[in-house]
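A single chain, nothing else alongside it, follows as C-alpha cells in the form predicted alone.
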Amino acid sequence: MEKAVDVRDVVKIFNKNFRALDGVSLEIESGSIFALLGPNGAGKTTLMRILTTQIGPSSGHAYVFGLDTVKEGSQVRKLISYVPQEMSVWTDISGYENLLIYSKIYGIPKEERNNIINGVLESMGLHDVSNRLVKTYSGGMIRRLEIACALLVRPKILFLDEPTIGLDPSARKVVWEKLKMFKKDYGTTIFFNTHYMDEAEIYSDLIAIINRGKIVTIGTSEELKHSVGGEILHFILSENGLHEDVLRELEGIEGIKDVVVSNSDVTFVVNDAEMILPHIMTFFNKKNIFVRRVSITKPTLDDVFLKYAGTRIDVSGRLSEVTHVRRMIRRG
C-alpha cells in the first residue's frame, strides 16, 4: 500500500530549547482517514505545519507521497490542501466569490473555474447559498466553505486542523458526511487533528495520541480500547487529588491493573469491577476519603487518552476561544 505520509524521527525545537516534537515517527496509508489526538501544546499543529511545508523539522525527515517536505516542498504543495484552525475565508463577499479568488490563487484555468467551483459547492451542500455574503452563514456553513476552498484542487491529501471545533453536533455530522463523500469520490487521504473523541472514533481508520512531542500510542479505535483492558471504575472524590503514599497503597490492591488520578477524578482499570469495588470503597473509608460518585464502564477512547496522556482533553476552554474569535471575525 502506498504511503501518504512517512515521518521519520522528526524533532522540532523552538527558541533553542523547547522541543515541540521529540522524535516523531509515523506512517499513514494512502486513501485512509487518520486522526491525531493530544492535549494543548502536545505538538499536533507543529507536526501538521511540517507536513504542509510551512516549517521544516530541526532534524529527521518527513515525506508526503514519497516527496521530502523540505527539499521537494513545491511538489508537495501541488498534492495537498490545508484547512487551518483560523478563519480562512472573507466574510464580506459571497461564498462563490471566495471560491473564485482561491481558484485564481491555485492557478485553475479560467475556462475550468466555474465547473470546478460549482462542483465543490455541490459536494459541500452550499450551492443554494453560494451568492449570499459569508457573514450571513452559520458556523457550520463557514467551515464547509473553508473546506470547499481546499477541495478546489482535488488534493491527494487533505490536512484539517480541528475541522469542527466550535460546531454543534449536527453541524459536525454534516461536515463529516460531506468529507466522506469527497473521499469516496476522489480517494483523498484525510489527516486531521481534533479534540473530539467521538469524531476520531467514528470517522478515522487509524488514531495516534501525541503527548509532549512524542507519539505515545497508535492503532485503530478498537485496538486502543482493547489495550486498556478490563473494566473502568471511575470515582469522583470530595478532595482534590491523592497523596503519593495513598496512591501507592491503592496500586498494591490485588485486581487493580492501573490507576490514573486527575484532580478529584480517580480512574481504575480492573479485571472485575463488581468484585474489586467493595475493596476500594473499604480502603477509601479507612482513609476518610469521601466518594461523591462512582461509575462502572467499559474502556472508551477517553479512557485510552487518559491512560497514555495522563489527562483528559479539555475541550471547553479551547472551544470557547475559537468560537469567540471566529464569531468576531464574521461580524467584522
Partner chain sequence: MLKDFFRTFSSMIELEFRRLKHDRTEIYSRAVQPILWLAVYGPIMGSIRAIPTGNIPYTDFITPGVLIQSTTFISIFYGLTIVWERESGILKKLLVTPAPRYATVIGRAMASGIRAIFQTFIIILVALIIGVKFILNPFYFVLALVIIFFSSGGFAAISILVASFMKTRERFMGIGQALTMPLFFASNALYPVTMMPKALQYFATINPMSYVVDAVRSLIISGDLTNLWLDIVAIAIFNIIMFTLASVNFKKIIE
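This structure is a prediction, so every number in the text was calculated from the model and none was measured. Numbering follows the first chain given and starts at 1.
There is also a form predicted in complex with the partner chain; it is not shown, and the following applies to it.
Just one of 167, 207, 160, 80 comes within 4.5 Å of the partner chain in the predicted bound form, counting any heavy atom, and that one is 80.
None of 218, 259, 133, 237 but one reaches within 4.5 angstroms of the partner chain in the predicted bound form through a heavy atom, and that residue is 133.
Contact with the partner chain in the predicted bound form, judged as any non-hydrogen atom within 4.5 angstroms, is confined among 228-236, 182-190, 90-98, 249-257 to 90-98. Across the proposed site, 55, 107 and 146 without exception bring a heavy atom within 4.5 Å of the partner chain in the predicted bound form. Contact annotation for residue 139: none of its heavy atoms lies within 4.5 Å of the partner chain in the predicted bound form.
At the 4.5 Å threshold, heavy atoms of residue 128 stay clear of the partner chain in the predicted bound form, well away from it. The partner chain is not shown here, and in the predicted bound form it never comes within 4.5 Å of any heavy atom of residue 61. Although the partner is absent from this view, residue 279 stays clear of the partner chain in the predicted bound form, with no non-hydrogen atom inside 4.5 angstroms.
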